[in-house]
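The chain below stands alone, shown as structure tokens; this is the form predicted alone.
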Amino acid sequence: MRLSGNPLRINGDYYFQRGLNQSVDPEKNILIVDDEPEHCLVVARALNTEGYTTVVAHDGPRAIELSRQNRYDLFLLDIRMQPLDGIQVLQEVRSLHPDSQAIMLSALGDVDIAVKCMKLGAYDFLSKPINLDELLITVDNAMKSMRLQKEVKSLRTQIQIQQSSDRLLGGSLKMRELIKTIEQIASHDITVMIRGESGTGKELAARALHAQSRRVKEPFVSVDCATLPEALVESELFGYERGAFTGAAGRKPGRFEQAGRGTLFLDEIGNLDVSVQVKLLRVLQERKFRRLGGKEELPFQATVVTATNINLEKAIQAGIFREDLYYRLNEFVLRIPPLKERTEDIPLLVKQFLDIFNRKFEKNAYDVAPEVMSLFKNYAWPGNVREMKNVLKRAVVLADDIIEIQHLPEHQFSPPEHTEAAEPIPENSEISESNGNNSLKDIVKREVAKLERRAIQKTLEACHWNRTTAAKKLEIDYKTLYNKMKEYDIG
């Protein structure tokens, strides 16, 4: 076999690059870890001839250090090394790169060691001295296996999106424009901010962006910033090292690390504390981050998509959201229309949900009554598509064939004559004697609403508009607080 490729030495490590006439394949990066320099050179050049880019490390600690700084698709690991053996290195690199493959090398041919390596996730085990032809075949098979696993994972993600009861559906002009825009921007590496009311499908838009991008084979990691406990936000996002804080018994990768080269979706971005916003801005600018308690800077390679249903411009004025971070995240804005602005999509959504829940519950509720469809089209849907999904889920369980009005939640779909328009209550409104609603019941209702609005607003201000904290102080759940804010036009 003719060996080619001249090594490039950088900081003591040898890099073997593909020849100029070879096409670039992003999934052909190999880290060779062996304490025998001559063996490394021979193997590296053989792999280089076949179009792989290789890096050589002569001990375990250096291999781990390189693995934290870069992503490798395959690891060739010698078993017998000091101070860390190949099995220890295998455990570490598998935790850093769970989708990558590893081939173990040993002069001993020990069956027990081979079995242990396979249990730890190694693709194969080869005995020294290495037969280069056998090695190249094994490496090629390992790479094919890795690509197949990624394709299966990608297909599962796309199938989940297609079968999801909440997937982006609609033939209305606004939805057609939204879907077209997603198709246009998905192939570009830009930071996208998705804005819209709760329940409109902001995460589904983010998943659609990921599914149509060149990152589709990489992870999609979703983080709901509103549900992260304040004390754990940094460790959840950036991960932590062993001993970083009480209870940190081992290393844990954070969401930034888990995203790899894929997509990191930060939902409810407006709920992040200002101190975390500063660190997020730094990561986005420098494309590097550190685990909590760690000293090494790790590369951040994922694309970022954020979402919010609050007015970030008001949050900036209130000093609870950084203006520089806002402009960094605001490279492209996607606005998801609320369901009340695309009522022509309601029949399509109804059919989709009926199909899904009939299969799930083994029912045959094949349609809705005309009066139910009329109610749906005239209802405001404050919870948007998510609310419709829950309404139809309940209805399918109760109905035998046609969904009637009695199958709908009473508190949501009361008869029109008993329905009161939900209008914002001014903070300083007084009782009006000319509006015709001056019964004791009506007066008490208005006064209680004024007190409730004032209490919610003051609590939010005291909590710097962090709704998660405010909900806890008010002893209500997050959704109830959100609905009250919307009812009283707060924020």
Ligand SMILES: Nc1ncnc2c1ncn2[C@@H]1O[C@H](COP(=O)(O)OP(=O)(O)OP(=O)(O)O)[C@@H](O)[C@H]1O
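For clarity, every value in this text was computed on a predicted model and none was experimentally measured. The numbering used is simple: start at 1 and walk along the sequence shown.
The same protein also has a form predicted together with the named molecule, omitted here; what follows describes it.
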(message) Is it the case in the predicted bound form that K202, R386 and R467 each bring at least one heavy atom within 4.5 Å of the named molecule?
(response) yes
(request) Verify the contact flag for N309: yes if a non-hydrogen atom of it lies within 4.5 Å of a non-hydrogen atom of the named molecule in the predicted bound form, no if not. (result) yes
(request) Decide whether S198 counts as a contact residue for the named molecule in the predicted bound form under a heavy atom distance cut-off of 4.5 Å. (result) yes
(message) Under a 4.5 Å heavy atom criterion, is F353 part of the interface with the named molecule in the predicted bound form?
(response) yes
(request) Please check if A369 has a heavy atom lying within 4.5 Å of any heavy atom of the named molecule in the predicted bound form. (result) no
(request) Taking 4.5 Å between heavy atoms as the contact cutoff, choose which of L168, L126, I185, M373 touches the named molecule in the predicted bound form. (result) L168
(request) Sort through A226, V93, A211, L349 and report the residue having a heavy atom within 4.5 Å of the named molecule in the predicted bound form. (result) L349
(request) Choose one stretch from 242-250, 360-368, 202-210, 141-149: the one whose residues place a heavy atom within 4.5 angstroms of the named molecule in the predicted bound form. (result) 202-210
(message) With the partner left out here, which residues of 313-328 have a non-hydrogen atom within 4.5 Å of the named molecule in the predicted bound form?
(response) none
(request) Mind checking the CA-CA distance of M485 and R335 in the predicted bound form? It differs by 3 Å or more from this form, so is it closer or farther? (result) farther
(message) Quick one: with a 3 Å or larger change, is the L460 to L228 CA distance smaller or larger in the predicted bound form? Answer closer or farther.
(response) farther
